[in-house]
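A lone chain, given as structure tokens: the form predicted alone.
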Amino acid sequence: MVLAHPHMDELNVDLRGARDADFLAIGLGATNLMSALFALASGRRVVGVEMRGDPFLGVHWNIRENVYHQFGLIDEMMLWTYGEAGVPRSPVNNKPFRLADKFFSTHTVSGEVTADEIIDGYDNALHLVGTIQHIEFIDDRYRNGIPNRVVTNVAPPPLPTHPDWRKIRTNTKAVLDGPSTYQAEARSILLLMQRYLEAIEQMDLEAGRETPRVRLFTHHRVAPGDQGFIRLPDGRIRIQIETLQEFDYQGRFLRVRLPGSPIIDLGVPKLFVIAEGYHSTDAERLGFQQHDVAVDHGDGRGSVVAQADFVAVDMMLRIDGRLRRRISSTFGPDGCEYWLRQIAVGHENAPEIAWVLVQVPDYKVFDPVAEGMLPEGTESNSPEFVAAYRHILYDFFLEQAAGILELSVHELRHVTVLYGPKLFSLVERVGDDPRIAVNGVIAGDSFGNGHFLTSGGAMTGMCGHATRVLEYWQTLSRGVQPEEAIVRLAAGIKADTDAWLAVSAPEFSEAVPSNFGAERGEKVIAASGIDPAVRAKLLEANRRERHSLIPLDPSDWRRLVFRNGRIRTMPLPEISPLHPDLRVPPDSGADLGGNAIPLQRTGEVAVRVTEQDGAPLA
């Protein structure tokens, strides 16, 4: 008797169009998905490799207008290249699948979305993104030793009525310095791009096309050891992949090669791009290395590593179409003042979406033993230690979130939490050269990462690196040799990442958000009354101690940690003109971080700055 293999369908892989592709994307994140779309629209054959299946990144992005126009350009290029018969159609209503219309349209509205319902055409009333209607910056730093508040309201950018490829900016610094226009769940935008590629693959396979334009391997990875990357005598790399089985093993996601599955030979692509996130083991296997980015913050210490720690939480409260940033003062055990940043992001007409990120001061160590909650000698991996650690972390988050949301800690404690608190560290790292083979480059966060508060990583990858890939195909079409084309591609990727790092540098030590623009920033600085040459005080040693307490596992971004509570559907309160430290009882002597400090109850009422005239208003 012959027993059928339990995964026979996965073992009998249809490899039509998989070998020797024009473009091979290793990692299907924002950078490579947009790059794959540009390659496809340029008439190139595309193969994608991803080990996580469908996108799962639930964080919200602040998205620049460029992305909308790029989707519109891809829609037009697809028609130019393949005609109407070669463009996918909705399985529900048979209408043409247009990326730009699914992303945003004046004929549809924003709301709480289920991405696949919009993408498939089942829900024709909504688009995927929300528009940003309120941009607010709260400066709560102390001035001359007393609490001071300055609130800046920035007019939201005008919304485009239709995609226009002529408005695409090719200067990454200009893109990052410009205002965000949309907000959306990262997963929704990634799904939009992946579903389009899947639709092309399906229509070609069903039509019996000998060489389908797209082939996706979404539960696969480059084979380990010498089987995966095979360097040929001419410097090109041949790539082989393996099929994965994923499972939860003792609280961790593990992936192993599917038993009995064969190695899949993808041959030698004309161009492959590795973009697998901030740490790519595949890039390392090819000899690529990153190094810490050092920044001189002008505080007299010279260049130090650019890094900061944040706590992220996804709460079910109504922020709506709002981007709110805040900078505040806190005081450490040494009596020195430190600056903390917070950001709150919502989604238009979606009352259950609120991503709140708060910065952790360098001196703060979430150690239950040091804070007297547990006796000396308590093991850091014991349930008691972990419970106390999470209690301290959540309390810290609530105290900081209260300052930016204008809600009390008591009220926030009763709001439903879908994810977090998640403590993570941002450390800027970058490589020297994106090119790692005659036919391959590193891109996206895998090459270098800057500060994330303005969604700079996604925008650099989608609007910078991906358009460099488009230029690569255009360069070849003009008759330029592949060697010269890939040299230009690598140089462009590096220039884009360098621009992101330059825009990111002020986020670590200066007060004004990097994407406010010079003119708006000057208004904020003038109203604050604080010397613009003053920089935030930064430490390094305790940050590493903090992370030695509870190791972080990147895979837990996929895990929802549900805290039961209520959904707060009321609008956020108006921003108070009074600094939070002027609203606490006079005898409490506590700031938002819970530190005892001497307060002088002579603080000033805030001034309010508007973009229209920049004049302080009482």
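Small disclaimer: the values here were computed from a predicted structure and weren't measured. For every residue, the number given is its place in the sequence shown, counted from 1.
As for the form predicted together with a small molecule, it is not shown, yet the points below apply to it.
S455 is the sole member of S455, N148, Q359, N439 with a non-hydrogen atom lying within 4.5 angstroms of the small molecule in the predicted complex. Taking a 4.5 Å heavy atom cutoff to the small molecule in the predicted complex, the contact residue among E201, D120, D367, D282 is D282. With a 4.5 Å cutoff on heavy atoms, P434 does not count as touching the small molecule in the predicted complex; it lies far away. Mapping the unseen interface onto this chain, G277 counts among the residues with a heavy atom inside 4.5 Å of the small molecule in the predicted complex. When the small molecule is considered in the predicted complex, D445 lines it closely, a heavy atom lying within 4.5 Å. Contact annotation for R568: none of its heavy atoms lies within 4.5 Å of the small molecule in the predicted complex.
Here the chain stands alone, but in the predicted complex its contact with the small molecule, taken as any heavy atom within 4.5 Å, falls in 456-464 among 136-144, 108-116, 261-269, 456-464.
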